[in-house]
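First, one chain by itself in structure tokens, the form predicted alone.
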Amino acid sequence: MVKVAIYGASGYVGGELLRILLSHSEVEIVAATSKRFSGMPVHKVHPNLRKVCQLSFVEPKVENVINAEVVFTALPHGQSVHIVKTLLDRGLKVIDMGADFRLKDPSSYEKWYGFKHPYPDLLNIAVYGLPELHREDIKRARLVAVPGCMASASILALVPPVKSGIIDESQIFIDAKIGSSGAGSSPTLEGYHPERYSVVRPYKPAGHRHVAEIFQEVSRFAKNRLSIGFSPHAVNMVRGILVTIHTRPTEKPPSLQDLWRCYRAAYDKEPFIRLVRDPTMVHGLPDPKYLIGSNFADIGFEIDLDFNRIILFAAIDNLVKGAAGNAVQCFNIIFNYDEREGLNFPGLHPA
């Protein structure tokens, strides 16, 4: 059994980490921290864990998690950077859910997150926690930086056709739609029910910080100049992300068989990637509705011969494959467990 702690366990991602790890046969959760709810039983914040989790939240102090072997840090951007350094110095492994170690270029933090990174040396040892791309590095990692949710979906959809040279790397436009849980559990005006209900609201349509991750990861496979536009939308659902990516072919449009081959070559052995394209079904393309609670990423595609487009789709649950589930998958890789351990829930239908 591996002793784990969750630093910042009262938010939505922390709750999902608890839910998943409680069903993991090789994990003992030794601490769940929360400044706001310290001393309170976990189930009073995460009611789905009533009679499942007997823990109470403890103060977010390093002394309260030091008896763990691995600490999952689920804190807002900019808040985990110093805590992670302290935990690493104490000899612990860290799987960080925030953005503080995702980008390799230290100067990127000033541009995208508004702070000067205090530990640029740690960016060199941090592994970008997307198993489909970095599995071998994750095995040896002391620090895993779990990707952003919309970045995860976009990268998974883009890498195979970019690597195969099927799409024009200078014309990539990503339209992302995300549920309200992506904004976290702290109240805001835009998350207030009368303001959020029934919306399809564009936000940060240019210059969204997730584009930095997408560019960093996809550019590793690009043969020419990479140009990516990214525009997210808040939509009227609680969980889920759907990205629709508009691209052009490099030369003549590929066939559907070419696209099937390119994705199968990349993901055929991946336990959590499903290719979804079946025009005979009402759910014949990726839809986050059918992924609620699961660690799957559904990827699909279409060809528009009339307007010379290749359209790519990816759907995930933003709290699972976009956050906590992906983190547990990385944990399983580090400790050489079956990657599916604790992550076998298939989603719900109907939901």
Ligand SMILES: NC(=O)c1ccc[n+]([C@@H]2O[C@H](COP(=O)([O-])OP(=O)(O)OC[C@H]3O[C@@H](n4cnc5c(N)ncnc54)[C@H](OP(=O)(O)O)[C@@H]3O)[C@@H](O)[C@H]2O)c1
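Here the structure is a predicted model, which means the values were calculated and not measured. Start at 1 with the first residue shown and count on from there.
From this point on, the text means the form predicted together with this ligand, which you will not see here.
Using a 4.5 Å cutoff between non-hydrogen atoms, His283 does not count as a contact of this ligand in the predicted bound form. Gly342 falls outside the set of residues with a heavy atom inside 4.5 Å of this ligand in the predicted bound form. Heavy atoms of Leu75 reach within 4.5 Å of this ligand in the predicted bound form, making it an interface residue. Asn332 falls outside the set of residues with a heavy atom inside 4.5 Å of this ligand in the predicted bound form. The candidate spot formed by Gly11, Cys149 and Ser181 lies fully in contact with this ligand in the predicted bound form, as each residue has a heavy atom within 4.5 Å of it. Put simply, of Gln171, Gln216, Ser108, Gln79 only one has a heavy atom within 4.5 Å of this ligand in the predicted bound form, and it is Gln79. Comparing 90-98, 154-162, 197-205, 245-253 against this ligand in the predicted bound form, the single stretch with non-hydrogen atoms within 4.5 angstroms of it is 90-98. With contact defined as any non-hydrogen atom lying within 4.5 angstroms of this ligand in the predicted bound form, the contacting residues in 320-346 are Gly322, Ala323, given in sequence order.
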